[in-house]
Structures are given as C-alpha cells and as structure tokens.
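Heads up, the chain below is alone and in the form predicted alone; it's given as structure tokens.
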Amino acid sequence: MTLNLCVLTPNRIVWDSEVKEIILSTNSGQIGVLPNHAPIATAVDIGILRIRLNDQWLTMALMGGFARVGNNEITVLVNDAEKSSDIDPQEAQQTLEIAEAALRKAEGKRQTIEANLALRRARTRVEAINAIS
C-alpha cells in the first residue's frame, strides 16, 4: 500500500509520486504518515521532509507552508522546497555562515527576527544534505 505525495511551491511541482511513508516537520512537532492515515490539515514548519521509497529514505528541505492528508494522498504547499540531491553542499554551508554572521550583526528587533529566519532556512538546507538516510 502506498501514498501519493505532491509537494508544491508557488513556482513548481517539486515532487509528485507514490511513497511508502513520510515524516513531516509541523509547527507542533514531527508527524509520521503511513497509508490509511486519519485525515489531517496542518501547518508545515521550516524543516526536513523525510520520504521513504521502499527501503530508501530521501530528504527535502521545506520552507514552511501547509499540508493536507486524506484518502492516501498528501498535498504539501510550501513557500519553497529543495530535494537534498539538488542542494550544493558548499553553497549551503556558505549561506549558513553568512546567516550566522548576519545574526551576530543584527541590530533591533526586526533585523534579529529576519536574521533568525534566514538562519533557520540555511540550517534546514544543511540538515537536508547531512540527514542520515
């Protein structure tokens, strides 16, 4: 038994195929979804989406949005998403270092909030590459 997973951003379809299981980062923690999961709608946090295809796990960096589960279909609508295989490790590490420096230099509440958000995004991209499969 499988699930149909569709991951969409405003610009493109990132993933649209059958999977065995997913682990999704939500605003209230991680949830695992297997076939015949109860219907649910949830907010998606900046974090890692883990996808199981048979005995192989893949990861994807998600940048916040919403997900709906029902009738063995999962639709994830996010601001941005990248498969770990599409992320350049050197560029991701460099972006993380820039985000950390920006947070140290941030002055005022607004700059601090924006720098923290950029840091969370950069960390998620690095985690997607380094995730244990």
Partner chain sequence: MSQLKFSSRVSSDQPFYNTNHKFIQHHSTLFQFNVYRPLKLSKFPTINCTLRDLRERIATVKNTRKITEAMKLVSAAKVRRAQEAVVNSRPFSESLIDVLYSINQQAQLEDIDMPLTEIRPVKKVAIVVITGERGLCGGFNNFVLRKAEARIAELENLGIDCTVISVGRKGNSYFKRRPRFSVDRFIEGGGFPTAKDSQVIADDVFSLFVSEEVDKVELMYSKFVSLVKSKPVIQTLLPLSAKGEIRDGNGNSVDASEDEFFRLTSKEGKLSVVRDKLMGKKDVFLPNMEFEQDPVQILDALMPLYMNNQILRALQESLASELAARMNAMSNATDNANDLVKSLSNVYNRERQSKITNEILEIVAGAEALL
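It should be emphasised that the depicted structure is a prediction, and the values quoted were computed from it without experimental measurement. Numbering follows the first chain given and starts at 1.
Same protein, other form: the form predicted in complex with its partner chain, not shown, and the subject of what follows.
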{"property": "Ser85, Asn79, Gln94, Asn36 - the one with a heavy atom within 4.5 Å of its partner chain in the predicted complex", "result": "Asn79"}
{"property": "Contact residue in the predicted complex, from Ile48, Ala102, Ile31, Leu58 (heavy atom within 4.5 Å of its partner chain)", "result": "Ile31"}
{"property": "All of Pro10, Ala41 and Arg121 within 4.5 Å of its partner chain in the predicted complex, heavy atom check", "result": "yes"}
{"property": "Partner contact for Leu62 in the predicted complex: its partner chain, 4.5 angstroms, heavy atom", "result": "no"}
{"property": "Exercise: Ile74 in contact with its partner chain in the predicted complex, heavy atom 4.5 Å", "result": "no"}
{"property": "Exercise: Pro89 in contact with its partner chain in the predicted complex, heavy atom 4.5 Å", "result": "no"}
{"property": "In the predicted complex, Glu18 touching its partner chain (heavy atom, 4.5 Å)", "result": "no"}
{"property": "Partner contacts in the predicted complex for 84 to 110 (non-hydrogen atom within 4.5 angstroms of its partner chain)", "result": "Lys109, Arg110"}
